[in-house]
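Just the one chain here, laid out as C-alpha cells, in the form predicted on its own.
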Amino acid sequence: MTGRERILARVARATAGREGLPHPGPLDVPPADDPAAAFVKRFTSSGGEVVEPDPGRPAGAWLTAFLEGLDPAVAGVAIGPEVPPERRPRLPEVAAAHAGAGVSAAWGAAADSGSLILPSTGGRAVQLLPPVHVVWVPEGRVFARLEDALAELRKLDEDLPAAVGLHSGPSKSADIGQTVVTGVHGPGRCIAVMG
C-alpha cells in the first residue's frame, strides 16, 4: 500500500460514520448596482491599485510610459501570451524571474470579492514572479458576483482553462509573528488597468 493509499484509507475510516451535509446554496449577497465601482473599492481596500489608460494614446504606448514612470522604473517585462499585441508595452521582454513587471490580461473580475480572474493559460510565472503585476481588465467583464463570473466561465466548455487564479491585490502574508508583509509569495504591487 502506497503512502497516498494509506492516507485515503485513514480519511475514509474517519468519515465513514458521518452524515453528509447538503450544500448551503448560493450566498445571499445582493449584487452591486455598479460592479466596476464596487470592484475598484474592494480591490483597492486589499492593497491593489487601479488605473485607467489615457484614451488618447495607443494602449501599448501608454503602458510603456506608465511602467517607465514607476519607482523604480521598469526596464524589462514578462508578458503573458493572452495579452494582445496592441496592449503590450514597448520594453524589452525578459524571463519572468528577471522582469521588473509582469503584464497579463484578466478573463474578468468579480466585484463582490474584488478579485481579478486570471486563467492559468496566461502563464503563472508572469503573474507571480515579477515584483509588479499589471493586469488589463476587459471592458464589460466585471461581474457583480464571483458566482456569476464562474457560471459564465463554465460556459466556455472546451476552452475552459485547467485552473483560474483569483488575485485580490498584492501578495500578503501574516504567518510569522502575525505581522502583515506584502510581496512575500508574489508581486508586492498588483495594478488593474480598467479598459
Partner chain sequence: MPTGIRDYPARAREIIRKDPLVRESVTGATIAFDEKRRRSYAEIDAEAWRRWAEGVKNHTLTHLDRYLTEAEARLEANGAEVHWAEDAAEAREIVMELAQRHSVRDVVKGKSMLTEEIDLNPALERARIDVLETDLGEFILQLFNEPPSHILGPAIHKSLQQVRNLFTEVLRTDSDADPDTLAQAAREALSDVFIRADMGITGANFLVAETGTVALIENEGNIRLATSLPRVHVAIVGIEKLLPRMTDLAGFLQLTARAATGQPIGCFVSLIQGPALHPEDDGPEEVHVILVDNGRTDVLAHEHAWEALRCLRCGACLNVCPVYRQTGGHAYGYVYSGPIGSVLDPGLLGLHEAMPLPFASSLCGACFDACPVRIPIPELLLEWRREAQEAGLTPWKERAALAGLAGMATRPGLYRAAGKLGSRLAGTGMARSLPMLGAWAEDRALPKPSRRTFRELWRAGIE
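Every value quoted in this text rests on a predicted model; they were computed, and no experiment measured them. Numbering follows the first chain given and starts at 1.
The next section is about a form of this same protein that is not shown, the form predicted together with the partner chain.
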- Message: When the contact criterion is heavy atoms within 4.5 Å, does Ala125 count as touching the partner chain in the predicted bound form?
- Response: yes
- Message: Within 4.5 Å, heavy atoms only: does Ala97 come near the partner chain in the predicted bound form?
- Response: yes
- Even though the partner chain is not shown here, does Pro81 get within 4.5 Å of it in the predicted bound form, heavy atoms only? yes
- Task: Consider Leu150 of the chain shown here, and say whether it contacts the partner chain in the predicted bound form, taking contact as heavy atoms within 4.5 Å.
- Result: yes
- Which of these stretches, 31-39, 52-60, 140-148, 66-74, has heavy atoms within 4.5 Å of the partner chain in the predicted bound form? 140-148
- Task: Taking the partner chain as it sits in the predicted bound form, which residues of 1-24 have a non-hydrogen atom within 4.5 Å of it? Please list them.
- Result: Gly3, Arg4, Arg6, Ile7, Leu8, Arg10, Val11, Ala12, Ala14, Thr15, Arg18, Glu19, Gly20, Leu21, Pro22, His23, Pro24
